[in-house]
Ligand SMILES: N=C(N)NCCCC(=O)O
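Take a look at this single chain in structure tokens; it is the form predicted on its own.
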Amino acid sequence: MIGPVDSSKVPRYAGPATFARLPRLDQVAHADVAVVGVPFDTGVSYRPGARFAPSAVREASRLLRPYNPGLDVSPFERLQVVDAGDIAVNPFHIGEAIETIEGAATELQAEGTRLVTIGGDHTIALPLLRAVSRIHGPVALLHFDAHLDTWDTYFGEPYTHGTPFRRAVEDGILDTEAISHVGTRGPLYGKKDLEDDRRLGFGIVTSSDVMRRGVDETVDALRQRIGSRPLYVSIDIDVLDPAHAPGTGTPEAGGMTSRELLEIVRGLRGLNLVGADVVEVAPAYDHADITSVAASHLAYDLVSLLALKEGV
């Protein structure tokens, strides 16, 4: 097992900026978990810049340490975790980019490697779900986001960062008995947005619900809905309040704190997690790396959940 670079020998600010200073994919014989970047933001409807997120999140992850006290696990000792670099996609053709991401994700998972993906905008969730469903069939989904992302089209286009989960339901790759949004808030185009979302099968836990019910009750409800199904977790960083994640493309007031989100994610311990992504970090709008730091810790906790799942 090859772990992170020893920070007592090489200062954290020195050396290659792989995620958590982990080895590259080409430095190991097999990877149990690969952290992979998708620098793509052609699907955004407002502020661009998420194409620069993978490198920013990697840089922010330099301070991550090998032991995760929040989950009582040393993930890099249990599993061979690597940085698989970035999936290079066409920034001028969304359809081709989706095909490229699905193909690359399928190849990376061919020998049992699980992926934690750093976007990129939320468009990338669709091809990632397509790839993971090739292995597990329709999966349960926890979608952390300020927005529903189940709209039909933008400007007549079916593939954008606001449409991936409608397309996923239409593709039959989600288990519609176990799909939920968490942290939604803010204005909508109309009440029909919520009606359409319910028709697709989604349950909704709003940001206000989290505030009123608390983390523990929220986690209990989500776990009951998911059960033992294979679970994919997709985290749009704008689920956090702009005070905790200013560096994102479509910020909405009234979001969760980073502490609440991390505790809800940690509450998924023991579930059948099969893949995850963290998307929509836009470093140009960030301040003091607040958003990138939050994203790096979320990715670290997702890797830690995968390590706990193995029970090694």
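Start at 1 and count along the sequence shown; that's the residue number. Remember, it's a predicted structure, so these values are computed and weren't measured experimentally.
What comes next is about the form predicted together with this ligand, which does not appear here.
Take this ligand as it sits in the predicted bound form, overlay the site C-alphas onto this chain, and none of its atoms lands within 2.4 Å of the backbone or a C-beta, so the site here is open. Proximity of Gly162 to this ligand in the predicted bound form: non-hydrogen atoms within 4.5 Å are present. Under a 4.5 angstroms non-hydrogen atom cutoff, this ligand in the predicted bound form lacks Asn68 among its neighbouring residues. For the chain shown alone, Phe92 is not a contact residue for this ligand in the predicted bound form, no non-hydrogen atom being within 4.5 angstroms. Looking at Asp236, you'd find a heavy atom of it within 4.5 angstroms of this ligand in the predicted bound form.
Partner contacts here mean any heavy atom within 4.5 Å of this ligand in the predicted bound form, and among 147-155, 215-223, 166-174, 105-113 they occur only in 147-155.
Contacts of stretch 244-259 with this ligand in the predicted bound form, defined by any heavy atom lying within 4.5 Å, are made by Thr250 alone.
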